[in-house]
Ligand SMILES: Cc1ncc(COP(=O)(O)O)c(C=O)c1O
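Heads up, the chain below is alone and in the form predicted on its own; it's given as structure tokens.
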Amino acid sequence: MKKYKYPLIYPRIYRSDKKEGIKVIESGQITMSKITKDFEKRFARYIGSKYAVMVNSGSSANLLATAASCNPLRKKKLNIGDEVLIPGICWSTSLWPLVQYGLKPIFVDVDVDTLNMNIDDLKKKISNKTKVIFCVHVLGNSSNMNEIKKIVKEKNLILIEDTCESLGSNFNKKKLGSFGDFGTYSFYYSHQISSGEGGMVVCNSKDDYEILLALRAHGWSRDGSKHKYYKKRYPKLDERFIFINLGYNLRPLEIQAAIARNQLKQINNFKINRKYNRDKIISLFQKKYKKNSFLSFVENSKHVDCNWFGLPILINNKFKHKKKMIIKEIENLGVETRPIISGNFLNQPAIKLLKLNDKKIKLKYSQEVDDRGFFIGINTQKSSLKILNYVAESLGKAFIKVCN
């Protein structure tokens, strides 16, 4: 693999994390147990939700939230053919659970300035079949959650928040992921806290929590509070193996919970460091390239206190046709880049395969983000002024070389 002077991700597992992981290994209890339960309680408290269920990835968290929304035990459940509003800028496993459960995704455009769901387009695409708004909080930023909550209440909709990239961000001092029926998070290596892999689903309904617990582990009753009820009702069954629902195996390892729990203790410091690194790159760039006319930096939405996942950048319209060349030059200078999530997801070949855009709708601003946008990483530890200055200079040099 190519080595970068400024990679997307710096090493994320620290000495104290390793100590916690070693304790788990030495205990012999490596499968989900007491540490996982303790981490779930701490995480729910941090987010401001009543319940949290840890899983093996953020993708699994999205699957679990969707599965719970469709489950027969849920009073307000989704049915095959129900429409779900989802932004055109999204990750594959935000979308696939909707398809897998027979729901119909309706793609909503985004705001170029925030990268998040456009409220006006959202309102236009609500129909009598709309049952869910599936928010995807992009790179630490958010749409106006007051407006979305108002729509959810008026239309009696389910709200799922994919917060995999935005753990620790706030809208009006309330944590993203805590506004909806379900909030999902990822602890992948590049995210705000990490255990290598891992994820979480939060909710405020005890009934939803019970469904999530069963779905996470084979449909088993034993993790839920109603296990005794089922033991009495089905006395002929082996009480260790009572299955009350459909299910998966989405359980995390105890070592993941131990590492993620340790990192959660440090998340506020991580957030400060990320903000410092982001702001410093921007200020150094703007100081050096005062007459910059080739790029702009995406700022946080109004009322949003971002825990930035990365540093999103937009190329000036005048130079967007040179994006591939610009990206190649930035990477040649040793700065690793990524698209804004997957760009406009309607461009992906799987959309055609699964016939998810038969009406051939166009998402003007999602395409603009695709054409103009990319992002670079932000270190969780405070980076040296030397490396931050190198990043700022590399961005400028790449654009000048390609565009002049």
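Remember, predicted model here, so these are calculated numbers, not experimental data. One rule holds for the numbers: they count along the sequence shown, beginning at 1.
The following text describes the form predicted in complex with this ligand, which does not appear among the structures shown.
Using a 4.5 Å cut-off to this ligand in the predicted bound form, not one of T66, L98 and I160 places a heavy atom inside that distance. When you look in the predicted bound form, the only residue of G88, G177, G310, G198 with a non-hydrogen atom within 4.5 Å of this ligand is G198. Here is the short version: of S94, N277, S143, Q263, the single residue with a heavy atom within 4.5 Å of this ligand in the predicted bound form is S94.
Only one of 164 to 172, 122 to 130, 207 to 215, 74 to 82 places residue heavy atoms within 4.5 angstroms of this ligand in the predicted bound form, namely 164 to 172. Contact check for G58: a non-hydrogen atom falls within 4.5 Å of this ligand in the predicted bound form. Under a 4.5 angstroms non-hydrogen atom cutoff, this ligand in the predicted bound form lacks F285 among its neighbouring residues. In the predicted bound form, at least one heavy atom of V136 sits within 4.5 Å of a heavy atom of this ligand. Proximity of N62 to this ligand in the predicted bound form: non-hydrogen atoms within 4.5 Å are present.
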